[in-house]
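Next comes just one chain, in structure tokens: the form predicted on its own.
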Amino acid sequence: MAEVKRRDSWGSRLGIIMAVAGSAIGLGNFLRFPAKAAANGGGAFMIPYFISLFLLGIPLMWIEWTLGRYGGGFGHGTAPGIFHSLWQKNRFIKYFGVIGIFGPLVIFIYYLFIESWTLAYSFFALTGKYTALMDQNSLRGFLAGFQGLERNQYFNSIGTAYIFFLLTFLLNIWVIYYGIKGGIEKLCKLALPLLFIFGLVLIIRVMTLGTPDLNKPDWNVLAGFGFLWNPDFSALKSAKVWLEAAGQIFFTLSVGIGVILTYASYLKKADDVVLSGLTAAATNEVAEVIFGASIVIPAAFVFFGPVDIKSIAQSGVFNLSFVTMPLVLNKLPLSAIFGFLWFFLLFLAGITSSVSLAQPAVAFLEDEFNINRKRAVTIFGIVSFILCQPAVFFLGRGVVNELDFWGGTFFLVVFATIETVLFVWVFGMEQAWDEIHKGAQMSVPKAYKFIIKYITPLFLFIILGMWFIQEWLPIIMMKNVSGADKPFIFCTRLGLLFIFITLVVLVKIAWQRKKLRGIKQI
């Protein structure tokens, strides 16, 4: 007879929607999205973006909500157990589910350090530490000194950054420690409304910037929106633009990671996943398309004009957030207040995402090893803290970029492909369609039955195929990595392989233990 273990649960429907939306709303909404749109055809980028949303993002969102709820009914909160529940006759499928723990863990160990920068800059804004800096070179030097990449007049070591990293790490562990309802749900119910309020204040301030330089009347907010949204339809001929749009949908909705599977596993069988999932996705899209596109690029255009804005838009996420935006805000009255609002908004977006990234590993220990929450979080905290150190101390050696590629890009698409094929072709489309609609307050349009079964998996295979054709060999051979950085990248890959193998071994041990104790594996 199977053991029955009481699992945590969400306190309300609003709680799960806010938590999933919080997981999705992150730094990418406010920085990655406007940069990608500006660099890939402006308004034309939204064509592949919305096609990817409707053919890839929303179907995957419903798949993951349904898979998570289904697996949670058997006491599984992570992909290995959920995959095994779907295909019990295949004794290897649970090992493919390891990616759903591996990916979030890898993202967590570098994302946390970046998240800590936003907390630090929130403090720096209020204390005026960088408000006197009025050019990009000074702010770049400030950022590099803070990150520990160089010693300069602003910082002589990584000590300050490490203090904020420790504080951010402890805040994350504290939230995770109090569980789904007492920790994550409470955080998201507080953080998301605050985030939207801060975002609205910043948008209003950007919209009222006017024309600071009367000699340059064309440097205004409307022209900034025009730069971002005027379509360059020739960009649609590039496969890269379509891949960038699909990648942004993965990134922004947190699909293909394994987090939604875990969050949805705490639902009850009769809980609606159709409307709840759609609401969470819509909340994220509002944060991205409306808020994300209305702050950085339009504000920067007002002060830097149509020539420099092109290089600024392509300068990367870190430069946009920690150099360009502080420079813009430093030119305004009440710069300390607006600087705090900007960086604390990013911190709120970051922490609601990072706690979600930790949950799959914690849930795996709880569900498959029958470990209580306190002990599971302690184990996770110790292990993840150790794993975070290379990202902190070898940032300048390409370690973060390497972790981001494997954890936040490649395996994300691989995992989404596996779960989609498993759901519609192994579990079966008819059974899957019925499972999606259990407890649903609205019906999924029938067209999505065809889309989920054929179009979504085909889309995923095309993305994977294009990546293998265009990028696989150069990445494996480290062709774009400097000779000095290659040893660090090689060691990072060995470390990732060790983490993956360790998770595979843990899955094997968990199933063997349950078998010995006579627990039916479902």
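Counting begins at 1, following the sequence as shown. Values in this document were obtained by computation on a predicted structure and should not be read as measured data.
The protein also exists as the form predicted together with a small molecule; that form is not presented, and the subsequent description refers to it.
Handout entry: Contact flag, residue 27 vs the small molecule in the model of the complex, heavy atom cut 4.5 Å
Key = Yes - in the model of the complex, heavy atoms of residue 27 and the small molecule come within 4.5 Å of each other.
inquiry  = Does any part of residue 251 reach within 4.5 Å of the small molecule in the model of the complex? Heavy atoms only, please.
reply    = Yes - in the model of the complex, heavy atoms of residue 251 and the small molecule come within 4.5 Å of each other.
- Query: Going by a heavy atom distance of 4.5 Å, is residue 287 a contact of the small molecule in the model of the complex?
  - Reply: Outside the cut-off, so no.
Report whether the minimum heavy atom distance between residue 262 and the small molecule in the model of the complex is within 4.5 Å.
-> It does not: once the small molecule is placed as it appears in the model of the complex, residue 262 has no heavy atom within 4.5 Å of it.
Just to confirm, with a 4.5 Å cut-off on non-hydrogen atoms, which of 273, 82, 357, 184 contacts the small molecule in the model of the complex?
Residue within 4.5 Å of the partner: 357.
Check your understanding: Since exactly one of 246, 296, 348, 107 fits, which has a heavy atom within 4.5 Å of the small molecule in the model of the complex?
Key -> It is 107 that has a heavy atom within 4.5 Å of the partner.
Report the stretch among 348-356, 67-75, 324-332, 150-158 that approaches the small molecule in the model of the complex to within 4.5 Å, counting heavy atoms only. Checking each option against the 4.5 Å cut-off leaves 348-356.
Assess the spot marked by 40, 225 and 313: is the small molecule within 4.5 Å of a heavy atom from every one of these residues in the model of the complex?
-> Verified in the model of the complex; spot residues all out of contact, no.
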